[in-house]
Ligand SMILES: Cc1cc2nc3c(=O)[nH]c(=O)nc-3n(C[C@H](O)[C@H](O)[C@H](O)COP(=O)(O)O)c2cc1C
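The chain below stands alone and is given in structure tokens; this is the form predicted alone.
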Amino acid sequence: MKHNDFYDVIFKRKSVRKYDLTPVDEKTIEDISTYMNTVKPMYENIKIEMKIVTQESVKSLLPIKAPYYILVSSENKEGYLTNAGFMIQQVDLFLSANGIGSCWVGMAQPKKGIVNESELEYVIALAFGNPAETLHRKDISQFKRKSIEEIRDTNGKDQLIELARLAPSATNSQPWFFSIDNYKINVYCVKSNFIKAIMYKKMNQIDMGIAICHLWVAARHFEKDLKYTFDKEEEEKSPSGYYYITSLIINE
């Protein structure tokens, strides 16, 4: 199965919501499990678990029925939600690259017996299976996304920012903003009002990890190295309406 460069996949990937409930062959499940054990974390010090289960192990408030779900659990540490989004988006792209549909499912919950099997905090699920609809978009015009000018302050790194622009997010909220400073991309997340924060603050931080994953894929494609750092000065310079997540140092 393909897992070397997901750059081209990002330009056609979509969230699949209709599935053929016929089981995927055992070899494919093994390949997915093997790949999950190789994904790169943002933060090495955060323990995370990914587990493949069948639909019988999950309850969801959404009308998405998939034959399989990847349940994600993590240590509750600073940055753990962003780290989870970064890691599981790699799996999402791997599935899309190999002809398998997938969709982030924020409203899905593992059943009680499954939750009790892990000492870590349950975070989110990724539904997957053989698609019962078109797997990929025909072209980039089918994305409903903000313009690139709306999500960054200057065009210095647009070949990277463009892939973050195409990232999926909860209810397509696209909470990210990027400030470009020569060799550095400062990453910010939108502040939610009190009511929205109840529903979206957790999901927004996962979404930020997804967007950062896309930046990382773009950097690898263009043979650049990314390092993550917390910059107190950049935190203090957060744009109005946003809060600071991280800074990406680009090795040219």
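Quick note: we count residues from 1 along the sequence shown, nothing fancier. Note that the rigid core is defined as the largest set of C-alphas that superpose within 1.5 Å between two forms. Remember, predicted model here, so these are calculated numbers, not experimental data.
What comes next is about the form predicted together with the named molecule, which is not displayed.
Going by heavy atoms within 4.5 Å, which of 146-154, 177-185, 101-109, 68-76 lines up against the named molecule in the predicted complex? Answer to the contact question: 101-109.
Note which of 172, 159, 134, 118 lies within 4.5 Å of the named molecule in the predicted complex, where distance is taken over heavy atoms; exactly one does. Selected option: 172.
Flag this candidate site as yes only if 40, 164 and 245 all have a heavy atom within 4.5 Å of the named molecule in the predicted complex; otherwise mark no. No, none of 40, 164 and 245 comes within 4.5 Å of the named molecule in the predicted complex.
With the partner left out here, check for me: in the predicted complex, does some heavy atom of residue 206 sit within 4.5 Å of the named molecule? Contact with the named molecule, yes.
Using a 4.5 angstroms cut-off on non-hydrogen atoms, would residue 15 count as touching the named molecule in the predicted complex? Yes, residue 15 is a contact residue.
Indicate whether residue 210 is a 4.5 Å heavy atom neighbour of the named molecule in the predicted complex. Residue-level check for residue 210: yes, a contact with the named molecule.
Is residue 84 close enough to touch the named molecule in the predicted complex, meaning at least one heavy atom pair within 4.5 Å? No, residue 84 stays farther than 4.5 Å from the named molecule in the predicted complex.
C-alpha of residue 29: shift of 2 angstroms or more between the shown form and the other one, rigid core aligned? No, the C-alpha position differs by under 2 Å between the shown form and the other one.
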